[in-house]
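One chain comes next, on its own, written out as structure tokens in the form predicted alone.
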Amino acid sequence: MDRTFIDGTLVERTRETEIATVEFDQNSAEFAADPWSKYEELRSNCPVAHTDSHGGFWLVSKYDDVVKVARDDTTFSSCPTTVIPDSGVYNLIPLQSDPPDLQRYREALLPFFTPKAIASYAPRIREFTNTCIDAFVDRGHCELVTELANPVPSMTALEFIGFDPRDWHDFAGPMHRLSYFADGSVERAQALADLEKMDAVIATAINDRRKKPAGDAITALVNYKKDGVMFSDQELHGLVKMLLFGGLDTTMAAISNTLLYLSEHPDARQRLIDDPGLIPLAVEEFLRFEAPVHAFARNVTTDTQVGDQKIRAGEKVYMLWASANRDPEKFENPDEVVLDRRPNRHLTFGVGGHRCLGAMLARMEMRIMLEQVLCRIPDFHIDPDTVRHPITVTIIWGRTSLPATFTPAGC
């Protein structure tokens, strides 16, 4: 076996198989402290490499290779899981589904994510946002994650799914601990226990809608029928659970990353204040620059090749969305935020058959929250020493605490 360090990256090549092996553990605090330099090393030295962490899996770090894997649902399956290490959260539909079931599930969900449906949520999102800001605008200080970035997308998701938005803490808490704490931690174990309780809440809601329909997503899914076939209880549970997972922590992470950047870069913030019409483009750039979900896994069904590496059936491939978003072959000055970047074909919402159905909703939530923050507390400042940064990148990348100060509304 050849062992070589290339720009600080340990690369091992087994002579018989020519497998490029690197040290990589996205679950570790060391990696979370600076994933970007590691991604750069991978793209430059071993764009398709193998790590022995968590039972072993392949890393795919360049844009074109990530797209190739993501578009091939036959060779690269999403079953039984898309997370490494496996969090123990099963039955997320359609995330953990393959064709033809994938198309059947997405067809049932599409009505909630049409442009018309998304537009109809805007007044409520703005109401949620302003209600949150109203609660702290006269104080001159707040915690931007727990008082804004977390409750707004959580309340939005709960309302259209069919739960009381006032109960957002009960749903966001367990998911937050699952997303932001490493596998094997006490917090992750508590999250898994709490999620069992949430599973019971979902099951009760499904049964209740059968008896008493309501104008929400749960009712629509309970009554959905394709070719005379309705969803089983297991399928319904997975669909509702995925709507919750997709609607809460991811948008929270994206807006928290954005608010921190704007606090640290007052010139960029002032530019958006002076030209609010630029906010939609800026949202795309913030999503590219710090993707709230760094990667998803696929399970290899047949021997194949990605880049110069032969990958065998039964192995796992980890698509590094966040690394692909900073591929210099696709993005000029990829490590810089360019507020009006065009084109901006980032992979934050995925690509192919699994592209995120909620992308338009997430964009709108970010846009509305940014508009209101820049209008109502435009001089907000986050002390960098108080920020709580990610300690693992297993699922979500986002800040979990952003204490901020600003000029009170009454001044």
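Worth saying up front: this structure is predicted, and the values here are computed from it rather than measured. Don't overthink the numbering: it's just position in the shown sequence, from 1.
Another form, the form predicted together with protoporphyrin IX containing FE, is not on view; read the next lines as being about it.
Three-residue candidate spot Asn130, Pro276 and Phe380; no residue lies within 4.5 angstroms of protoporphyrin IX containing FE in the predicted bound form by any non-hydrogen atom. Residues within 4.5 angstroms of protoporphyrin IX containing FE in the predicted bound form, judged by any non-hydrogen atom, belong to 346-354 and to none of the other stretches in 51-59, 27-35, 382-390, 346-354. Protoporphyrin IX containing FE is not shown here, but in the predicted bound form it comes within 4.5 Å of a heavy atom of Arg106.
At a distance threshold of 4.5 angstroms between non-hydrogen atoms, Met242 is in contact with protoporphyrin IX containing FE in the predicted bound form. By the criterion of a heavy atom within 4.5 Å, Ala362 is counted among the residues contacting protoporphyrin IX containing FE in the predicted bound form.
Although the partner is absent from this view, Leu102 contacts protoporphyrin IX containing FE in the predicted bound form, with a non-hydrogen atom inside 4.5 angstroms. A heavy atom within 4.5 Å of protoporphyrin IX containing FE in the predicted bound form is found for one listed residue only; from Phe231, Trp168, Phe296, Phe76, this is Phe296. This chain is drawn without protoporphyrin IX containing FE; in the predicted bound form, the residue among Gly162, Pro334, Gly246, Pro174 with a heavy atom within 4.5 Å of it is Gly246. Taking protoporphyrin IX containing FE as it sits in the predicted bound form, the stretch 246-278 comes within 4.5 angstroms of it through a non-hydrogen atom at Gly246, Gly247, Thr250, Thr251, Ala254.
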